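The data below hold one chain only, encoded as structure tokens and taken in the form predicted on its own.
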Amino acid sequence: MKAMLCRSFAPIDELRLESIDAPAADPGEVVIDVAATGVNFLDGLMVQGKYQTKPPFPFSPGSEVSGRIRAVGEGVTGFKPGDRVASFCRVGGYAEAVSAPANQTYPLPEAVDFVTAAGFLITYGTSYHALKDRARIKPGETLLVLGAAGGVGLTAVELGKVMGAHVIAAASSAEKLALAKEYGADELIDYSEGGLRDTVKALTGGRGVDVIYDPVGGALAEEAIRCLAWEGRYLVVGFAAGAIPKFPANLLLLKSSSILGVYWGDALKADPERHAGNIAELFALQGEGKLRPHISETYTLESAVEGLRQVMDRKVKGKVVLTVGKGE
């Protein structure tokens, strides 16, 4: 089979399409013929050795796939060859087939196409876990989303509205903010113009926001945390800007506020049953027409590097997906 391989930690341009043996289904695993693969920021970090997970070489990046079950391993129940699924495979998704943990693989409703499903799990799973399980956001609360037009940011805007929050979307251009508005944002802030704190203060009557969703990090983070209301919650989702922020602890004390880490991948591993329930709820919301996954671009497996480069350069609105086609 064909797979895009990383043979050493290096720039993403050094990924190469090669022929390798197809994977086998070990106990507790399934093998999936890949129809489509989601492209995520973490993929680029992983191949450069900058991500917390460092797989043994050689490996294929790609943590989420959709397709059909080819084989099931010992002890696996509930799946059979031919079943349509979406899976958080963790690694190996830039390939024609991948092995994946059965307890992180989910039945795919017939109404959900493979391309949509491939860009669904990580973004919606992360944002739902962040808002529901970590922040425990309540109807009527105010949510500030940074990077609001990116893969996870846009889902946070959309889910925030579904969960009854008043959503303030912040992004770096008018074009990105227009997309966030289309997905339900109540207020818009272009933080490339500066003045995030003052604008949030004006929009909230000086109160601040209850929850901040931050997948960006970097220099904006400290200004953002100053926007929290009393007992506000700051969700640390990622560091797309590159720099990991350092927060003055007094800012938490003065507002009786909290910083909450959001690491969906390991949360999934720690409590697979709860997260299977979350995924089922998300697919149900999509089936009801309440979620509209935004796939901005698709690339072939052969052009995976180009697609990943667009994600790493933060030029993408919504999700990028690779169309592999083997499981269709």
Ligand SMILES: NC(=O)c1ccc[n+]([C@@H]2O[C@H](COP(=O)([O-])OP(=O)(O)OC[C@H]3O[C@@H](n4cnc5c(N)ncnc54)[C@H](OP(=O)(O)O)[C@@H]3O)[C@@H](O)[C@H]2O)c1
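Note that the coordinates shown come from a computational prediction; the quantities given were computed from them, not determined experimentally. Numbers for residues come from their place in the sequence shown, where the first is 1.
The same protein also has a form predicted together with this ligand, omitted here; what follows describes it.
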* **Residues A3, P23 and A100 all lining this ligand in the predicted bound form, heavy atom within 4.5 Å** => no
* To do: Please run the contact check for V209 against this ligand in the predicted bound form: heavy atoms, 4.5 angstroms, yes or no?
  => no
* To do: Classify T126 as contacting or not contacting this ligand in the predicted bound form by the rule of any non-hydrogen atom within 4.5 angstroms, answering yes or no.
  => yes
* Spell out, yes or no, whether the shortest heavy atom distance between A241 and this ligand in the predicted bound form is within 4.5 Å. => yes
* V311: heavy atom within 4.5 Å of this ligand in the predicted bound form? -> yes
* Can you pick the one in V31, L42, I259, L282 that has a heavy atom within 4.5 Å of this ligand in the predicted bound form? -> L42
* Listed residue (I168, V237, L159, A180) with a non-hydrogen atom within 4.5 angstroms of this ligand in the predicted bound form -> V237
* **Options 159-167, 106-114, 145-153, 194-202; stretch whose heavy atom lies within 4.5 Å of this ligand in the predicted bound form** => 145-153
* **Members of 201-231 lying within 4.5 angstroms of this ligand, judged by heavy atom, in the predicted bound form** => P215, V216
